[in-house]
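Before any questions on how it binds or moves, here is one chain, the form predicted alone, in structure tokens.
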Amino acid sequence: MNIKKEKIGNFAILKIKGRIDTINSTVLEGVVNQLFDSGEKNLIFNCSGMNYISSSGLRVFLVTQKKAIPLNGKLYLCNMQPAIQEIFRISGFSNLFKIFETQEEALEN
């Protein structure tokens, strides 16, 4: 997994590439915690390069959402591959997150 960080407006954007699984989900969680610790509260996970997510990865997304809420922050997801969208739909997670087709749409909200 590779994560690129970018700041656009009020959002910290994480471009995720590769797999989020049991082995590397803690890396993503560490990056997210570092962002929250530095004062960020609005995050966009750009999932265009993400090709797999395990239950451990889903847990990181859920924990991130739970941390953003008390900060009046936002967590948006965008650019999901169809297979990843299906995982979110089957797991019920698509109802828990704001998911956008493009990063531009996410930034407009």
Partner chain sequence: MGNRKNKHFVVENQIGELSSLAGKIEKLAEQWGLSPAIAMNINLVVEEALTNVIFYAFADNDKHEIEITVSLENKRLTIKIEDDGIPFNPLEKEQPDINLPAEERPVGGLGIFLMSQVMDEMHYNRQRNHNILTLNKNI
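Positions refer to the first chain, counted from 1. Source: prediction; values computed, not measured.
Unshown form predicted in complex with its partner chain; subsequent notes refer to it.
**Student:** Any chance Gly92 has a heavy atom within 4.5 Å of its partner chain in the model of the complex?
**Tutor:** Because a heavy atom of Gly92 falls inside 4.5 Å of its partner chain in the model of the complex, the answer is yes.
**Student:** Does the 4.5 Å heavy atom contact test between Lys17 and its partner chain in the model of the complex come out positive?
**Tutor:** Taking the distances in the model of the complex, the answer for Lys17 is no, it never comes within 4.5 Å of its partner chain.
**Student:** With heavy atoms only and a cut-off of 4.5 Å, decide whether Ile99 touches its partner chain in the model of the complex.
**Tutor:** Because no heavy atom of Ile99 falls inside 4.5 Å of its partner chain in the model of the complex, the answer is no.
**Student:** Can any non-hydrogen atom of Ser55 be found within 4.5 angstroms of its partner chain in the model of the complex?
**Tutor:** Yes, contact at 4.5 Å.
**Student:** From the list Leu28, Cys78, Leu43, Ile84, which entry has a heavy atom within 4.5 Å of its partner chain in the model of the complex?
**Tutor:** Spelling it out, the residue with a heavy atom inside the cut-off is Ile84.
**Student:** Quick one: name the residues from 13-43 with any non-hydrogen atom within 4.5 angstroms of its partner chain in the model of the complex.
**Tutor:** In sequence order, Arg19, Asp21, Thr22, Ile23 come within 4.5 Å of the partner.
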